[in-house]
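We begin with a single chain expressed as structure tokens, specifically the form predicted on its own.
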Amino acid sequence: MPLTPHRSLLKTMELFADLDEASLDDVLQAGHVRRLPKDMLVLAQGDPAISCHALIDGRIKISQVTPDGAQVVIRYLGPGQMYGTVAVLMGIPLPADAIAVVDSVEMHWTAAAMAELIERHPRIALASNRITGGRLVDLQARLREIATERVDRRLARALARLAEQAGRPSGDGIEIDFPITRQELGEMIGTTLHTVSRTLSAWEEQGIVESSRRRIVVRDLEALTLLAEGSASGS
């Protein structure tokens, strides 16, 4: 896609949603656009937070390595979503890696440029407070799920969310539009590769999903949603 984002794209991003057209043009002029090849490490956990990023096209995986060396997949981001921003605004090191899982395009701003934008447009600061609060609520919900819910329900919810956010119609159902492994699914929901494989195999027999090494198709979204809500048993 061309490297010429329009202000309408910024308007879809929570950080800039409250800005008028002139302010959005100011934000555009302060940023830089670049292509991100597949598997590129865009941000590295522990590095200083020196830039804010907005995804224009593609997919970004946000993952974290724990002190004992285990990897945790925090989330997958799609077009219109931002990353690295909260760390810049809070003045803390980057809490996670950001990796392009497919060829992607992003826009980014230096920390200094973002600070100047906030001075000129205080609504950006108000939006950043909402974003930070929302991330905290999401984290609390995820911890609650891991502590209280069955693995099959957590997996169903994760797949249903991915189908909604990154699904595209295919002949077999709804295909998640980027490569994702069973290991990565396990890291997303706090369980093992063996448990994910066993659960997906059971769902495949029931015609709910179809999966291969890096491809997942949701064949029966209604059944998957019932599993996510705890209204059915899939294993």
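Residue numbers run from 1 along the displayed sequence. The shown structure was predicted, so the numbers you read here are calculated from the model rather than taken from an experiment.
This next part talks about the form predicted in complex with another copy of the chain, which is not shown.
Taken together, the three residues 90, 134 and 190 all come within 4.5 Å of another copy of the chain in the predicted bound form, as judged by their closest heavy atom. You can rule out all but one of 160 to 168, 76 to 84, 137 to 145, 99 to 107: in the predicted bound form, only 137 to 145 has residues with a heavy atom within 4.5 Å of another copy of the chain. In the predicted bound form, another copy of the chain sits beyond 4.5 Å of every heavy atom of residue 112. In the predicted bound form, residue 151 stays away from another copy of the chain, with no heavy atom inside 4.5 Å.
Taking non-hydrogen atoms only, residue 206 never approaches another copy of the chain to within 4.5 angstroms in the predicted bound form.
Another copy of the chain is not shown here, and in the predicted bound form it never comes within 4.5 Å of any heavy atom of residue 197. Taking another copy of the chain as it sits in the predicted bound form, the stretch 105 to 128 comes within 4.5 angstroms of it through a non-hydrogen atom at 118, 125, 126, 128.
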